[in-house]
Each structure stands twice: as C-alpha cells, then as structure tokens.
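Take a look at this single chain in structure tokens; it is the form predicted on its own.
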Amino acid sequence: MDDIPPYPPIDPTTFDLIVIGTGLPESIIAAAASTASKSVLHLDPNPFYGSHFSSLPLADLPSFLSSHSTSPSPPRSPSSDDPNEFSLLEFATRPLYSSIDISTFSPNLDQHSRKFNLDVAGPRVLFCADKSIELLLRTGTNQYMEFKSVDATFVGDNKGNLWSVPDSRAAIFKDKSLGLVEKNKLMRFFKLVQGHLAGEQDVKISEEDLQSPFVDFLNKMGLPPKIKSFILYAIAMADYDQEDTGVCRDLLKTKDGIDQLALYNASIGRFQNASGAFLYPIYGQGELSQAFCRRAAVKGCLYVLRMPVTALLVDKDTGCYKGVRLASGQDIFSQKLILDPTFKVTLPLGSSPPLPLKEKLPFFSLKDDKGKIARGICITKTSLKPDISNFLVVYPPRSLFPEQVTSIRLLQIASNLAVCLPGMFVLYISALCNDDDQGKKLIHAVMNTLLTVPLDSESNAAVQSETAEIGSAVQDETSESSSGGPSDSGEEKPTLLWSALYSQELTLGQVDFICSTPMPDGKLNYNDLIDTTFKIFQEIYPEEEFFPETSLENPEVDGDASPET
C-alpha cells in the first residue's frame, strides 16, 4: 500500500453538493450553490485550479494534454466497510485531446517555464458588455482579477495582410482601405441597426427580415463582399461559411446577427481604460476559475486538490445516487453531484446494476457536440503588428484556401499581461473542424502565412541565437518593452520559438442521472457556457436564485482569502 498517497481525511462527510473538477462551469456552480447557503465540497485530482479552462506553465501544458489523450485506469481504493449497502460504479476518464504536436525551437524557454501562463482553451476574450463581465460584477468576483484591453481587431488574408475592422464611426472614417461608397453604405447600415435597437419605428427592421439569414439581409442592404465579411465574421463572429448552406452548420439569423452587433457596439468604450471591445485577464484565462473558487471559499465551500475520485455510490435497492468514493477509500455523501466532463461511469466486467439504475445508466454518457475544435499555441519574440501588442485576427471562411469552410481566430497576447517572458508574445489559434487532419490543416495555414517556422538545424540555431538574451530579460522585466516593435534581425515575419497543436473534443453539458458540465466550446467568449451553467444550476436547485442581488449587500472582500483549505 506504499504507493497510495497519504490523502487527508475529509470532515464532515456529508454535503448538499459535491463538485468534481475546478473548470469554469464547475467553479461557477460551486460559487452559486455556496451563495445559496448549500454545503459544498469541491474536489479536483489536479494540483491546480481550472482543469480544461486553466492557464499552465510551459512545461506543464504538454503533460496535461497527454494525460487527457488516453483513458487511464482510475486509482484503486480500499473496499468498503459495508459492501452490501451500496453498488460501486467505477469512474473512468474519457480522452478529450488528440493529435498533440509539441515543437520546441528554443530549449532556453524551458528554463523559464514558470514565466508562462498558457491557456488550455485559447483563444478567449471577454466582451466588455457580455454575460461574463456582468456575472463578475454581479457576484463581486471581479475583486480577485485584473484585466487589460485587447486593443484592435483585424481580418487576415492568405498574403499575410491584416486589415483593420471598421467597427465604429470613427474607425470607418479613418479606414484607408475602404472607398467613399463603401464607407457610406457601412455608415447607413450601422445607423439602421442603431435605430432598430433604439426602437425607432421609421427604421425598424421587419420581423420577416429578422427571421431571415443574416447574410441575405446584408445582401439586401447592398453591402459589398469585403464589408459583409467584416460584419459576419469579425463582428458577428459567425463560425461557418454563411453563403454556403451545404457546409454551414449554424446559419446566423438576422436577429442573432443584430444582437451580436449590439454586443460588440456596447462593448466599445464601456470602460475608460479599454480602447477596444475586448478584455483579457492578467495571468491568463485560468484566473476566471480561480476567482469563482475564491468566491465560493468565502461563502464556505470546502476545497481539496490532488484528490482523485474512484467510484460512484448508489443505493442497491433504488439505484439512486448517494455519494462518491475517494482514492483514500473514504466515502463522502451528498444530495447532488456535478462532474467534470472527462468523467464517465463504468461497470465492472460481469457485474449487473440494480434494475432502477440499469434504466438510467444508458443516458449518462458524454454527448458530442458538432465535431472538434483545433487549437494552436505559438510563442514568438516579435509581434505580428510592430505597433500593437494585444489584438485579435479573424480569418473568414475561404480566406486562406478554398476548402476552408470555418472561421479561424487568432489572439496575440504580450508579456504586459503576464503570460510570457518580457518582450515575447503568445499566439492562440482555433478553428472548428470535423477531424484531426482538417484541424491541423487549418492551424498550419495560419502559421505558414504569418510566421517563419524553423525546419532544420541551421534555422534552429538561429532561433537559439535570437533568444540567447532570455536570461537577462528575466532579470529586468520592468525595463523590457512589450510594445511589439519590429524584429532586430529585420525579418518580415516573426520566427516561431515554440508551438503546441492539438484537437479537443466538443462535449455538451448534461442534466440527467448525474450532471456533467460542458467542455470549452469553439466560441470566442463564454456566453454559451454561462447559459449552460445557469441551466444546470436551475435544474439541480430550481428553488434557488442564481447569485441573488442581495448576496452583494455585505460582500466579503478579503484579499488574502485562499480557496484551498
């Protein structure tokens, strides 16, 4: 038994809710339940917060992805003192990542792994006026975080050009790539949308148009292809080619497109220190999960990391859920259970569950969403735009190659957001795909367009030479500029120092015999995930309000509060 870690006993042993996994949906539910005066035990087998929504050091990311690319056997726990009281259903983990490809062209980076905070589920931003910001403000969770503005949005093409998105009246006037006729049409369109949203009867968009495809409405408005592309994919954030109904899995209606434009417009200028429509958290997106865990801890939630859960306890007579068995052998009981999406319930070979449970088990399996999402993380020493550090780039469908049927999004983040070494930049790339091969083709198309990718030992040596001063940069972080000026070597394209490419399964949240939360989706923001999280909370606690306003009358502001006990 020497190989069993000395897991600490948990006291008490009965809770209203057990939550397994500290991903963002689980952390929000734990905070909401704690706010509703429920006793909550929040467990995670990992030694860190965030799970698949975390931000990890450079050296930890590959091992995390690899550990979730196979289905390891769960830790074995000692047998129950009363084996006749419960049926034990073992937990197994489902592989969620595949086609993992890690490339290192500068070994010096590994020496400073802890200087990196790399998002597992990038690219992600928060619209200044979206549901995630409203939730942070409503719950007071914003006390635990800091943000910086994502300064600009661009649309890219297959020649490496990055075109500014004219997303406001001032931006339209300044845009030199648009002709006078194009500017006038775009101004008239924005004026129509603003009038409709303001309820002006003389400019109201008809119900027939609102229910029609957004791309048809844009055609009806006489907008040229370039402007249509900007609106559809860089402002309304459509995922699929809206003009090809044969491949479009999510045809955007005009009403939804207008709502997206309204969100984008409301986000610009909402905060005085944010010039663009987006915010990004200092230290990475993993801070969101940690912030909600802190909020839950303040409200009494008990946290235990490094605690694997091995089995589900169900009543032998009724088949009803009773609790979980920990790797320590301890049984913990609760009325409700929330699971990280990696978990699935399995039966021992040759065993048969009780009849009530047998009828429920087929419903408990992770539900696939539409295909996969390909993700890429790249580290460079120069910015894609010499004068801008933090910005978003959107590649509309067909903009890189004819078979590209989905949008590809790229987010560049600089060291001023504490995600990388001083003077360096992290690029997050993502695209929806049907399979791993298609996903890699999409990510590689962006990398080959924007970056110089070393291919041999000679170019590898050049990269190592370029990063020879990393150590001195770390010693003087405050003096190093992160403004993203042109490369000293005069290269037209930044040179790739490190990259991670992988595909992620898309899974939906589930409310049935047991509740399972969703994986990170393919969206740029968290609105859909927050909607799903809210529905799960409503299902398990229909009588409780989701973060009532009264919860902020006397908010606990303890800057030193730690969510882990």
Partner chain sequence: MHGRPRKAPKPEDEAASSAKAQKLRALQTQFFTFHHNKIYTKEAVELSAKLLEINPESYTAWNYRKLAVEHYLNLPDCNPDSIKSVLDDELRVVENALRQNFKSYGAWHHRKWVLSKGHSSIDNELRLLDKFQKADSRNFHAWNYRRYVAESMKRSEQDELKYAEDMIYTNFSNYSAWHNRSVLLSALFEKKAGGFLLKEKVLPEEYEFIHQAIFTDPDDQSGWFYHLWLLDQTVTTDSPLLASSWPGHGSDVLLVGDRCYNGSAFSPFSALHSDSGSFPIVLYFNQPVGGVNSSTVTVECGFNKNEDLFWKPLSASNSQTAQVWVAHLKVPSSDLHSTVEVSVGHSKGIISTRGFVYSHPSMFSFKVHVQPMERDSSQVSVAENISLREENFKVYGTQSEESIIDSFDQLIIKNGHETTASNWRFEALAKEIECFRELLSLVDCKIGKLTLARLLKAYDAMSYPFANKLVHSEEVLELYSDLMKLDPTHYQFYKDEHSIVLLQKVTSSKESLLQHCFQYKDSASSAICDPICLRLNNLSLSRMGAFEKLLWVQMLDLSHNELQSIEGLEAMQLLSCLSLRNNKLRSLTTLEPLRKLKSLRILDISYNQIGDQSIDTTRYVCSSPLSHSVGSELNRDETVTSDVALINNWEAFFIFKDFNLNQLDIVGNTIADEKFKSVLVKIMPKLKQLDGKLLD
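Numbering follows the first chain given and starts at 1. Just so we're clear, the structure is a prediction, and the values are computed from it rather than from any experiment.
Below: the form predicted together with the partner chain, not depicted.
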{"item": "Contact test in the model of the complex: residue 455 vs the partner chain, heavy atoms, 4.5 Å", "value": "no"}
{"item": "Contact of residue 159 with the partner chain in the model of the complex (heavy atom, 4.5 Å)", "value": "no"}
{"item": "Residue 173, heavy atom within 4.5 angstroms of the partner chain in the model of the complex", "value": "yes"}
{"item": "is_contact(residue 270, the partner chain) in the model of the complex, heavy atom dist at most 4.5 Å", "value": "no"}
{"item": "The unique member of 115, 299, 183, 196 whose heavy atoms fall within 4.5 Å of the partner chain in the model of the complex", "value": "183"}
{"item": "One residue of 282, 320, 251, 187 in contact with the partner chain, assessed in the model of the complex (non-hydrogen atom, 4.5 angstroms)", "value": "187"}
{"item": "Stretch in contact in the model of the complex with the partner chain, which is absent here, among 174-182, 438-446, 403-411, 290-298 (heavy atoms within 4.5 Å)", "value": "174-182"}
